[in-house]
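Before any questions on binding or motion, here is one chain by itself as structure tokens, the form predicted on its own.
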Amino acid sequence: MSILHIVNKSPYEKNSVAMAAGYAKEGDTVLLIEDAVYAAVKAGSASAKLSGLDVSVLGSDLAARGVAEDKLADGVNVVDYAGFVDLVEAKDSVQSWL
């Protein structure tokens, strides 16, 4: 059973990114939205927690926060709203981490 883990809180404000990363298994995807996109910045303390996981970020939230795609950790996928919907449809369930 695959899960889409959606995180919206900054990794520097709450531990939601770490919690989602701890529960994510092979076949799962972690989707970072809103302030959680900061966790995908390479060489950041939060991006290390996501290493080895399937991670996507919402592109419009990156842009809204002034984070360029070339600043993301290797392997992080950028998705638009249609890609967000595709992830929801592709997984068996969705878990939001608040």
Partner chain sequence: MAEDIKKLMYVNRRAPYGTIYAWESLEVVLIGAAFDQDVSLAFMDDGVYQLMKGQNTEAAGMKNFSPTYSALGDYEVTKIYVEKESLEERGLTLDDLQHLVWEDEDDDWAERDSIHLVSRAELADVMAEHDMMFNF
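Since we're looking at a predicted model, the values are computed, not measured. Residue numbers count along the first chain shown, from 1.
Missing here is the form predicted together with its partner chain; even so, the following discussion is about that form.
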query	finding
Distance check, S51 to its partner chain in the predicted complex, heavy atom within 4.5 Å	no
Its partner chain contact in the predicted complex: G66, any heavy atom under 4.5 Å	yes
D74 within 4.5 Å of its partner chain in the predicted complex, heavy atoms	no
Proximity of S10 to its partner chain in the predicted complex, heavy atoms at 4.5 Å	yes
Residues from 12 to 43 in contact with its partner chain (non-hydrogen atom within 4.5 Å) in the predicted complex	Y12, E13, D35, Y38, V41, A43
